[in-house]
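Only one chain is shown below, in structure tokens, and it's the form predicted alone.
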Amino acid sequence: MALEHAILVSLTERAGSGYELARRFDRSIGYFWPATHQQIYRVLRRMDEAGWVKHTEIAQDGRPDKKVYRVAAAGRAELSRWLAEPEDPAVLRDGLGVKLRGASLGSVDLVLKEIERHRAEHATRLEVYHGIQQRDFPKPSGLRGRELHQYLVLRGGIRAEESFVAWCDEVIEALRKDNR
């Protein structure tokens, strides 16, 4: 997958300026496909040149014109092509796992602190995801179509974070017992 596809999905849901799109990434899709604002603007320009998106310029007082992007026919065709393409399962590439495996070669206490830090970050992200679920999907049993798909992606994130927090708890407990 490329950033282009994440942008196409987002713009299909709602047209927007580069700034608005970057804000959407910060609040939702970026949790699963992160991108900087600069990357988004650079890719939008490329997609515009390729005819995947079109933009309308809106005049603003005292500021440069705002470009509002929407998906063009060529972008919809590319999105359809990509959606039909098989996606390889994600391969876990985790430096923390490698550090844990090599902990006995250095300071186990430092590795333990790093695992505790990761646990805290994943727990925080889990709280954010739960907040999004409560705010945006209070009654998930009635969801259909796009809203159901968005909810299911969020649930995948929740499950992944729950799993990572539980694994960190297991590792922390085992390392503390082993350090006695």
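Model, not experiment: these values are computed from the prediction. One rule holds for the numbers: they count along the sequence shown, beginning at 1.
Here the subject shifts to the form predicted in complex with the DNA, a form of this protein not shown in this document.
Q: Any idea which of 62-70, 127-135, 140-148, 107-115 reaches within 4.5 Å of the DNA in the predicted complex, heavy atoms considered?
A: Selected range: 62-70.
Q: Hey, in the predicted complex, does Y31 get a heavy atom within 4.5 angstroms of the DNA?
A: Outside the cut-off, so no.
Q: So, R155 and the DNA: in the predicted complex, are they within 4.5 Å at any heavy atom pair?
A: No, R155 stays farther than 4.5 Å from the DNA in the predicted complex.
Q: Could you tell me if R27 has a non-hydrogen atom within 4.5 Å of the DNA in the predicted complex?
A: Output for R27 is no: heavy atoms all beyond 4.5 Å of the DNA.
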